[in-house]
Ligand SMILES: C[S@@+](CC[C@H](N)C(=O)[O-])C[C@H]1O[C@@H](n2cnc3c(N)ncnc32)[C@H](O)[C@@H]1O
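Take a look at this one chain, the form predicted alone, written out in structure tokens.
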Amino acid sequence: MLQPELKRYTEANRAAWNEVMPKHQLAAKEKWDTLFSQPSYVSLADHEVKLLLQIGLKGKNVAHLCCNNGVELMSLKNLGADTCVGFDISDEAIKEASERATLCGIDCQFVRSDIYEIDAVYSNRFDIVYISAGCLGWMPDLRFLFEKAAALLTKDGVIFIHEIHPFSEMLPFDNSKTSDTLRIIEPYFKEEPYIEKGGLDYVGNSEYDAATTQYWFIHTISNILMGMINNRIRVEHFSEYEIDISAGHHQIETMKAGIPLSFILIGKRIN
């Protein structure tokens, strides 16, 4: 059973995501439905696709942790992956993803689950565990996250992470009132989560008074690497990019200031 403290965080974030998903859908659902109605449509960035194809995606079984509305997992399916299963804590996200997969005829399965509580029936079933932008920040315990991820993998399976760079968490977001975009305003090392009641609508950029509280955790690069290493996942690739995938630092990306805004980390399970 999940520790009560972890469950308190994850259930609060579940409520926050269920609250905001209808706003995301209002802004973007029709767009995604239209795009994925096109045969073989892929929403992923070119540099990410290149690395995915290098490690071998065709015919592989893929689990996507924190799959949200399913567009990334459906992209992996359209790139040639075999069995594709997405897991997300949000009821509303899973409902949208399932409906889109059915509408567009894309064979993906979507499962509503706390990532820490994924059923053991899925253990040792996937060649690739895929983690995309914004997943790690909702996870209060990285060691446990990578323990769960490693358990999903087959022998020699791979974890592929395309995430927001923690360095960027120190800088103002686009909607900040400060004019000094490159000024460091937050610490890099932060043990306690940010506790927020603001909205999560980075898709439609609407303002709303949230009825829920959300918890966002800052994990350093070293914490991420050690989370993998301590679960017998050998790091095989690490690259950093000036590309914003947070939907919050577009101004810094445009400035070309030489700031790391995202990264790709690939690790292989050691048996």
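The first residue of the sequence shown is number 1, and the count goes up from there. Remember, predicted model here, so these are calculated numbers, not experimental data.
What comes next is about the form predicted together with this ligand, which does not appear here.
Engineer: With the cut-off set at 4.5 Å between non-hydrogen atoms, does residue 127 touch this ligand in the model of the complex?
Structural biologist: Taking the distances in the model of the complex, the answer for residue 127 is no, it never comes within 4.5 Å of this ligand.
Engineer: Heavy atoms within 4.5 Å of this ligand in the model of the complex: does residue 88 have any?
Structural biologist: Residue 88: yes, in contact with this ligand in the model of the complex.
Engineer: Is there any non-hydrogen atom of residue 72 lying within 4.5 Å of this ligand in the model of the complex?
Structural biologist: Contact with this ligand, yes.
Engineer: Applying a 4.5 Å heavy atom distance criterion, does residue 66 contact this ligand in the model of the complex?
Structural biologist: Residue-level check for residue 66: yes, a contact with this ligand.
Engineer: What stretch, of 98 to 106, 147 to 155, 189 to 197, 129 to 137, brings heavy atoms to within 4.5 Å of this ligand in the model of the complex?
Structural biologist: In the other structure, the partner sits against 129 to 137.
Engineer: Note which of 176, 123, 113, 83 lies within 4.5 Å of this ligand in the model of the complex, where distance is taken over heavy atoms; exactly one does.
Structural biologist: Checking each option against this ligand in the model of the complex, the one that comes within 4.5 Å is 113.
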